[in-house]
Every structure is written in structure tokens, then in C-alpha cells.
Ligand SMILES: Cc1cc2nc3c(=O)[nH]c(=O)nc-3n(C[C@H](O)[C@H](O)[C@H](O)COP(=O)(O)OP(=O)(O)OC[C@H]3O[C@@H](n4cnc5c(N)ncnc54)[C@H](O)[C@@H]3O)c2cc1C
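The chain below stands alone, shown as C-alpha cells; this is the form predicted alone.
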Amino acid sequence: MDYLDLDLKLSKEDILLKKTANEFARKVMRPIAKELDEMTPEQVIATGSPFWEFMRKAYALGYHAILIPESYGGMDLTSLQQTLIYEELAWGSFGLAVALAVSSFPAFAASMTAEKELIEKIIVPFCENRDASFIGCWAITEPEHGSDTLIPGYPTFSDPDIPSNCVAKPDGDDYIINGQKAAWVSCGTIATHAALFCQIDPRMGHAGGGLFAIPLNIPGVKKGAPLNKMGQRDLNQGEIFFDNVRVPKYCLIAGTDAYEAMLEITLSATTSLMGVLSTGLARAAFEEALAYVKQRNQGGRLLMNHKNVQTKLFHMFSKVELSRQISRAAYVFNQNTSTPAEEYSLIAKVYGTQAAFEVANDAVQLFGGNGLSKEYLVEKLFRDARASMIEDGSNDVLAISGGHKMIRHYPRRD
């Protein structure tokens, strides 16, 4: 279904970018995601897997560098154009869209400070890569810490009695890293590089962290088995272990003095991006349901002629549209201001993922028994949507963080 975009300022270039991304999502991502969903986690990342076909084709189009500024070799896109493309990619496959986005995280993080060594060793090589041999990951989640690492400014974030599972200690001109990142690191077992968030000063709790961009082919780095999951099975995730891993100081993007602020800037982008991706997933579920009710007979007439079905479709469509508006607005705003408002990104993520789950759930219900069958896409969309409500921060915890920000920031007095 072609949807009406309420933004009257979309240019011909914007529309073309959206159309091109949708074609890639429909012709490449949808069929590959279906294949991967039926594979074991080991088969998904094995040599010759369709996953690598997707990655190579996406890299060839430059989609791996959507988030990177054009001055470093990334795509020359506005923040609005980024949301247009990412929504279409997630419409094709939420899991594959996440894999593609996080592959850029080391370069994306490094571009925030753009130190000479990181430009030469991380950013430019990544942007120039076209065969998916340079893949990043976002290494922040830990065995004993998940969403609590994503709430800068919350009181527990600075609690020295809450130790991290991964610690970096300065040693001359280097840092020595020890510890573990949890099995939920996206692209964790296939990544060649990591945007590593770990603790430097335990006296400051999580706030005493550091953000590094590091290669993962160095002594002391080991990876666990790929995680076997209910949803987003086309997205590789897995553990990373660090045993006296030595990295030079230029790998440090932000130290303890800037870590909390840098994390909030990062989350203002990534959290709202989750809302953008969720909009694509929700739209996919709505469109599948709409097409189905137009051809499925039940009770002597087409499903679309039942009033309760029409009501359900209206509310599903409303959630898609509202998710698009808040996630797009939050992403564009926070990418174009020096003082990001992360609370809006939290709304985008929490509302967007909840909406995607509800829309996918309603789609399954409209399909009836067929909605439980792997023959139909909505079954996969439902599982993928359920995972998104925990992914990149549990909605429950993010809502607590958002409420705390309301208390601190409102009413705003300029």
C-alpha cells in the first residue's frame, strides 16, 4: 500500500530515496529475512548464508554509511532522509535493518569527535568498504547490566556500589580492557570492530565510563556462540569477552569527563531511531492485514466488510501514523541541535515499539488461525515486534528514565 506522507515538504529527492529503499527492502530484504528466520543462529552467519548477500548488496548501495557525515565518506543525507530510508529498510526486515545500522556504530561514534587516527583507521575504511568485511557492533549491554546502562542522569547511573562487568584501566599510552559484554550485542559474533562502552572509574558508577572504537581482531578478544532467539532471528547477537586486551589511547572517543553527556547524545539518536524502525515494522504488519481482509471471506462476506474489522484497521493505522510523527520529529530535532532532548527520543522508542507490537498482534488476530502459521509474514512480524520492546532498553526502564527527566526538565524556563 502506498501511504500518504503528511510532510508536504518532501522533495523529489526525498521521495526517490524512499522509493529506492522500499524496492531494495521488497526485492532483497523480505525474501532473505524469511530464509534466515528458518535457520539456526549458526547457519545465519555461516559462509554462503543469504545474510552475507544482503550485507554486500546493502554496503554496495552505501546503506551501511547512512549515519556517517558525507565529509568522511558517508551518504550525503539529511536527518529526515535518514528516517525515510530506515523506515523502508525496517519495513523489509527489522532485524536486518538493525544489523545494518549497528554495523556503523564504531564509525558513527568516532565521527562525533573525528580525531585524526580514528578518521584514518575507523571512519574512512568503513565508509569505503563495499564487501561487508568491516562490520561494527554496539557493545554496551553486560551480563549483569542492560537497560540500566542506558539511563544517564538517573541516580543509580552514578552509584559507585554498582560495578560494571567490563572495565578499562589506563596503562601508559594504552588502556587494558577486561570483562564481558552480554549475548545481546547486535552483530556481536560477526563484528570486526566495536563501539565499546565500558567503565574506567568505578568510583563514578556507570557515569565513570569510556567510549572506545576498537578492532576486535586483537589478542585477548573472544566471542561467544550466536544467540538463539524468539524474534529477529535474522539479526546476529552474541557475547564478547575481553582478557587483558590492550588498545592505544587514541581509541578512546570519550572519557569519564564527557562520557555521560556523550552517551545522552548517542541515545538521543539511537533511541529515536528505534522508533523509526518500529514504524516500518508496524506499517508492514498493517499492510499485510489490510491486504488479507480484502480477500478473506468469513461469515458469508469479506472480512473488510465487518464493522469490528474496520474499527481495528483504523486504530492500527492510527498507531503507525502517530509512531511515524513522533519518531521522525524526535530524530530530526535531536540530530540538528546542540542540546538534544532525549525525553522525546524515549517517547519515540517506547511508543513506537509498543505500537508495532500492538499492530502486529492485531494483524495476527485478523488473520485468525492463519496468523499463527509460518506461511504468513505476520507471524514473524509479531515475534520481531515483541523483541523490540526489550531491545535497546526495556520499555519499562526507559519510561522510568523518561519520567525522571520530566521532573528535572519541566517546565522548561529559558
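Numbers follow the displayed sequence, beginning with 1. Everything numeric here is computed off the predicted structure, so don't read it as measured data.
Beyond what is shown, the protein has a form predicted together with this ligand; the following relates to that form.
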| query | finding |
| --- | --- |
| Interface residue in the predicted bound form among 107, 139, 330, 284, criterion: non-hydrogen atom within 4.5 angstroms of this ligand | 139 |
| Interface residue in the predicted bound form among 190, 185, 316, 166, criterion: non-hydrogen atom within 4.5 angstroms of this ligand | 185 |
| Contact segment among 253 to 261, 142 to 150, 301 to 309, 335 to 343, judged by heavy atoms lying within 4.5 Å of this ligand in the predicted bound form | 142 to 150 |
| Close approach of residue 17 to this ligand in the predicted bound form, 4.5 Å, heavy atom | no |
| Exercise: residue 387 in contact with this ligand in the predicted bound form, heavy atom 4.5 Å | yes |
| Any non-hydrogen atom of residue 102 within 4.5 angstroms of this ligand in the predicted bound form | yes |
| Touches this ligand in the predicted bound form: residue 272 (any heavy atom, 4.5 Å) | no |
| Residues of stretch 374 to 407 in contact with this ligand in the predicted bound form (4.5 Å, non-hydrogen atom) | 387, 390, 391, 392, 393, 394, 396, 397, 400 |
